[in-house]
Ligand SMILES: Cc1cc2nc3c(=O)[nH]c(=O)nc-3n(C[C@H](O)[C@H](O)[C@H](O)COP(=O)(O)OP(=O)(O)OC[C@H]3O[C@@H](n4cnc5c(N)ncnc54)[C@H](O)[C@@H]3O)c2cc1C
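Okay, here we've got a single chain as structure tokens, the form predicted on its own, with questions on binding and movement later.
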């Protein structure tokens, strides 16, 4: 079999490249096709004692023997799945752009090779593909498919303390249009396995490219600096595909594995493969907004509120604070109860305080300088987390700075309810970095998305982010994949594609 452009992976990265690519191409995807509603039914029948395990590990198990994800160590909570469409099947739909500070930062070793301004038109196209819905007060100038209704209630409630707060954009279909095969969001929650299939998954992105499922690319074979053949594993035995050029768009860990197994050119900086894993660490906080009546769940989709007043950068660590729309946990309620009011028989006042509790979720950057890294030996992937554990104490300074910001705004922290999860483990299923792109000394992929030392191997996906900050990666994965497609079209002499999908 011979193809002009081979794309490895049918997730958001590979599929977004294919949606904008001109010429002859083929997507190979190791995961089998499946029915999302059947998976939902399987999930609903499971013991939910450990919902996290049931959702990711079991609901999306592949039938193929070669589709077993790598087991991350206990101090890394991130997992991933290997079915058709990849991890977009269980993402929640929160649609962040990376911050301008991250994209335009002047880090010596980990700079992005292009600016926020350069990426901006691709962000716009990516958000069209994702069919995002947004808050009318979203500060990033988006062009959403629909408006998140109920946002005015939250602005009114939080505005006294957090005037910049807005509901984070969501890749949830809030329109009546199902032309991409999506249902309509009913705000029912469980977005990872949406009962309406209203959350945008990669399989909703329309492509004219053939997809071959159940085909795992084990390695690439090089002749000099050119990759010429993909050696594949299938249920029916081995298969090889020859090509002119290849886009490696598998999941971050799996992209690494197939490159580790390949006879890479000597000029490829193989010693850097797997370094600078980033992902995110998290903390949960709570606070009381005196005099505020929180409008719990009053919005027409599952969402979170971005609080710029409690976000920023501290000690070189970017952090983003989200307010959850769900009722607070028991520890937050207990911490908010004013015993003095109760003892003074002001029970009504004490109960009013209960309606002012705000649960917060803090996403913390794992800086690439900490060099959490993956390696491959004897058929096994290992992770070195020493750099994380040596540096995680710095997150305490971030949390204290958030508390100081709260108090300066008249907000009362509930310190007894905090959960500093980062002290025990990291990971939010964002396996980012490890094939860092750019012009810095630690880059493995150049500014044109080309694996260094090769003439025809491109990389797409979050694995190439030199720095991700504290933002979820999916929108940037789609945006950079569209940018890559334009570069490939330009090289081929094809007209640059301007459509959104």
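Please read these numbers as outputs of a predicted model, since none were measured by experiment. Residue numbers count along the first chain shown, from 1.
Just so you know, the form predicted in complex with this ligand exists too; it's not on screen, but the next bit is about it.
Asker: Mind checking whether each of 99, 112 and 440 has a heavy atom within 4.5 Å of this ligand in the predicted bound form?
Answerer: Judged in the predicted bound form, none of 99, 112 and 440 sits within 4.5 Å of this ligand.
Asker: Pick from 142, 245, 125, 90: which has a non-hydrogen atom within 4.5 Å of this ligand in the predicted bound form?
Answerer: Partner contact (heavy atom, 4.5 Å) among the options: 90.
Asker: This ligand isn't shown here, but in the predicted bound form which of 287, 198, 217, 310 has a heavy atom within 4.5 Å of it?
Answerer: Comparing distances to this ligand in the predicted bound form, the residue within 4.5 Å is 217.
Asker: Could you tell me which stretch in 74-82, 382-390, 331-339, 221-229 has residues with non-hydrogen atoms within 4.5 Å of this ligand in the predicted bound form?
Answerer: Every other range fails; the passing one is 74-82.
Asker: Within a 4.5 Å heavy atom cut-off, is residue 258 in contact with this ligand in the predicted bound form?
Answerer: Yes, residue 258 lies within 4.5 Å of this ligand in the predicted bound form.
Asker: Could you tell me if residue 30 has a non-hydrogen atom within 4.5 Å of this ligand in the predicted bound form?
Answerer: It does: once this ligand is placed as it appears in the predicted bound form, residue 30 has a heavy atom within 4.5 Å of it.
Asker: So, residue 477 and this ligand: in the predicted bound form, are they within 4.5 Å at any heavy atom pair?
Answerer: Residue-level check for residue 477: yes, a contact with this ligand.
Asker: May I ask you to state whether residue 469 is within 4.5 Å of this ligand in the predicted bound form, using heavy atom distances?
Answerer: Heavy-atom contact with this ligand at 4.5 Å: absent for residue 469.
Asker: What residues in 239-274 sit within 4.5 Å of this ligand in the predicted bound form, counting heavy atoms only?
Answerer: Counting only heavy atoms within 4.5 Å of this ligand in the predicted bound form, the contacting residues of 239-274 are 249, 250, 251, 254, 258.
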